[in-house]
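Take a look at this single chain, the form predicted on its own, given in structure tokens.
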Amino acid sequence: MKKQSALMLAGCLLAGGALRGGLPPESAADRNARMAWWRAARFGMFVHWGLYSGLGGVWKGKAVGTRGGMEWIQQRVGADTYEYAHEAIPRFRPKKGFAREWARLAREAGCKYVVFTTKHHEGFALHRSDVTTYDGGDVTGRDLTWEIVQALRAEGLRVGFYHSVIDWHHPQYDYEHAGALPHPLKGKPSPNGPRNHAIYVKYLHAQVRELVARYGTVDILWWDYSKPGAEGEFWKADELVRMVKTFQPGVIMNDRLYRIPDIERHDSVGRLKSWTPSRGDFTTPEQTVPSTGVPGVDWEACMTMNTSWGYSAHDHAWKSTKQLIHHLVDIVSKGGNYLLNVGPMGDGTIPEESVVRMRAIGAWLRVNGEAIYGAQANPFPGLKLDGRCTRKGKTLYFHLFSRPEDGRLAIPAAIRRARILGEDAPLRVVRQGDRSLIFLPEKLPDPVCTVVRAE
């Protein structure tokens, strides 16, 4: 009965959960209290995992590409949903204990939260859903979302659900009217005739309701994504948000239900400047770090370790650990969070290249974490430094990518004392009016990034 009347059940769930009117407005104090943990966390792990992971960038024995977008492989090859499922499902075989491996790695890396794909554009849901057979419960006999959530909580990590409003599997998703969004059949007539998008929207709301009602506290809902002509009302976003808030009043959501600008090739600061709190709690520069932060704007840069979000057997363009740590420092120095992606294989194994890099970041954070967690943006515009600065109240942290030629840090503030994190010996400090000189050792202890703590 579940499968015979899936769409009818979706409509019933939405009707039963529909709300009238908006929620009471949130005071600045309440918003700050709700956002406090997220603003302090600074570092999270993103996980892209679905049917595409088992394909690994290979379609019928041939590599689709060596760079980027293997979570979009269905769209890249133009496969309809039946052909895609036929190829992908046999290659998606989650091993036992995969979720514990993810959670332990995130903790070892120093992440405070994990956001994972409950459903990507391909339409396959990881949770055990009542409104489709295209889900983890029917394909694997397991509720994969439940396994992941339990593992994350066991490691003390906050839980984030990524959920795509795009759906390449659902027969009523109207890809012709969502013309600005990708679809494998874009430009081709619908194989099942005219589509009723309202039916898909009921299905979307029903699946989200399952996610927010069944898995305990959800800390983050990471929506993906809207474009002009397919945003806001196209998804009945206001109604969807009110329903989510009913079950998860403390949840933090990004702004991609309502809009997403084109990916910024040079500077994503425009995305920060265009953010409005009515669209989401934070905005999401992708694959780029803005040239500067914007006071009062919460943002999170999401980035990959190579060039693909989903697992690719042929993408070897790995960023170095040094690059990743510098990204983390750069982002936090501008007031943002860093959401760093891993793309597990079809069995849930995270590639060794990602594991090595995550553990190296964790080792750096065990020494220097106090300069990251809970830190605020650089208070000195125009500070000349091969590195970055963060602060906590009157404590400053200077993240040095290299040693100044003269071996001194010139700081436009009155510094009382300073030392290198991880070392006990104080550094020599000389006051010169309203500025101070901090004298550094002949060799910095960490060639990737040495942090000087100054009070």
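Note that the structure is a prediction, hence the values are computed from the model and not measured. Counting begins at 1, following the sequence as shown.
Keep in mind that the form predicted in complex with ligand GLC is not shown, yet the notes after this line are about it.
Note to self: For ligand GLC, considered in the predicted complex: do all three of 107, 153 and 350 come within 4.5 Å of it, counting heavy atoms only?
What the structure shows: No, the candidate spot makes no contact with ligand GLC.
Check: Where, among 26-34, 415-423, 43-51, 386-394, do residues come within 4.5 Å of ligand GLC in the predicted complex by heavy atom distance?
Finding: Looking at the other structure, the answer is 43-51.
Check: Even though ligand GLC is not shown here, does residue 302 get within 4.5 Å of it in the predicted complex, heavy atoms only?
Finding: Yes - in the predicted complex, heavy atoms of residue 302 and ligand GLC come within 4.5 Å of each other.
Margin query: So, residue 120 and ligand GLC: in the predicted complex, are they within 4.5 Å at any heavy atom pair?
Written below: Yes, contact at 4.5 Å.
Margin query: With the partner left out here, check for me: in the predicted complex, does some heavy atom of residue 315 sit within 4.5 Å of ligand GLC?
Written below: Residue 315: no contact with ligand GLC in the predicted complex.
Margin query: So, residue 256 and ligand GLC: in the predicted complex, are they within 4.5 Å at any heavy atom pair?
Written below: Yes, residue 256 is a contact residue.
Checklist line | The unique member of 162, 215, 134, 92 whose heavy atoms fall within 4.5 Å of ligand GLC in the predicted complex | finding: The residue in contact is 162.
Check: Among 239, 224, 174, 210, which has at least one heavy atom within 4.5 Å of ligand GLC in the predicted complex?
Finding: Among 239, 224, 174, 210, a heavy atom within 4.5 Å of ligand GLC in the predicted complex occurs only for 224.
Check: Which of the residues spanning 278-312 lie within 4.5 Å of ligand GLC in the predicted complex, based on heavy atoms?
Finding: In sequence order, 286, 302, 309 come within 4.5 Å of the partner.
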